[in-house]
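Here we start with a single chain on its own, the form predicted on its own, put down as structure tokens.
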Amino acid sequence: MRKLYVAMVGLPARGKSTLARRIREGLTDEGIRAAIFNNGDLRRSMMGQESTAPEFYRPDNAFGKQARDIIARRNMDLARQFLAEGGEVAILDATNASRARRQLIESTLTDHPVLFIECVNEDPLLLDACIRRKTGLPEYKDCTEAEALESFRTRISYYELLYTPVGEERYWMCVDATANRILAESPCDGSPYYPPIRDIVVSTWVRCLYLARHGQTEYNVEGRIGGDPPLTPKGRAQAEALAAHLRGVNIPYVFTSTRRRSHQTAAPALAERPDTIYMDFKEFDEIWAGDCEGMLYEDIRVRMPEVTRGRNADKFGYAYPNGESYAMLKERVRRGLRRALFLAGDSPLMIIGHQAINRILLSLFLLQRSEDVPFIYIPQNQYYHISTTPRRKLFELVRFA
């Protein structure tokens, strides 16, 4: 079992192509010759605009079905040729949604084992965002966004009529594409490529993340907790300095919390990037202080000494009365990070969060002890630059003001 075919499986907008690219890169970094054979790229070069219409994918469209089969067979021929000429792993990037298509792959590619990797994603927000992103493909250049959306959603509905999850194939893996998690598998035992592929699948990939905190707020100056205060003049200057520092840097995605101070900090950078995709997530909202929201820290110490004692004893685990603790933040922040990374794919992104939120975010990368998380340094005039793959870990604190 010295060579391997990997066939991606899943409905459109489920993260198959991103995972295929990561598998290729991860294997290449290990000195393994790997290549991707994408049915969509071949379809566009062979069929052009004719294959953009959703009716091309209708199951009872004989012409469309024949064309898709020809494209699939052509890509299989190219993959077989690649392995015959010294390649080691050939990745077939396509929906391969039906059991019949996968049987065709198994019966055609008999010279080496075939591993099917199914990508699933049932997060409604992510699905909608990924589908909207597809409307930017060159094949939709002559359509309005509404027309492109309707066309692509109709295409997905036709695939859904044929879709059968993996499970009957000899070697397969089902992956939650939003969480880098293997849900189930029938391992390709004996293959030297299966262990590195598993590691690639479950690893968190971040090509380039700029993690910043909002600028100084009125509450920061007054010594108050939580709330939704605006930036001070100094905070606005910090936001402008962040934008100036990153001027000319490619940042296709920016994510913030829903809080005003996070929006205001992002605004100068976004103003210079009209094509950047911007989203605010409640998952990145600052820790909720409950009954203590908006209070002066000094007043909490005087009027609610039990809160001060509780946080001094266990700052990570203690929850404000009717509020949150750092421990409670972890899952929602993790969910927000998964969403942001999935949407950005392999593109650079920026997250503008809050002190407690950014502490949790950093802890997810650094695997820091829980009791140390509330003490991670989160300045307002510096950002963390993070890049992490299975072979590379970079964390640096960069001053911009």
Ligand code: F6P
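This one's a predicted model, so the numbers in the text were calculated from it and none came from an experiment. For every residue, the number given is its place in the sequence shown, counted from 1.
We do not show the form predicted in complex with the named molecule, though everything after this point is about it.
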Partner-proximal stretch of 36 to 44, 60 to 68, 330 to 338, 354 to 362 relative to the named molecule in the model of the complex, 4.5 angstroms, heavy atom: 354 to 362
L83, C119, I287, A266 - the one with a heavy atom within 4.5 Å of the named molecule in the model of the complex: I287
Contacting member of R155, R213, R102, R259, with respect to the named molecule in the model of the complex [4.5 Å, heavy atom]: R213
Close approach of R74 to the named molecule in the model of the complex, 4.5 Å, heavy atom: no
Proximity of Y326 to the named molecule in the model of the complex, heavy atoms at 4.5 Å: yes
Contact flag, N220 vs the named molecule in the model of the complex, heavy atom cut 4.5 Å: yes
Contact of G226 with the named molecule in the model of the complex (heavy atom, 4.5 Å): yes
In the model of the complex: members of 290 to 314 within 4.5 Å of the named molecule, any heavy atom: Y297, R311
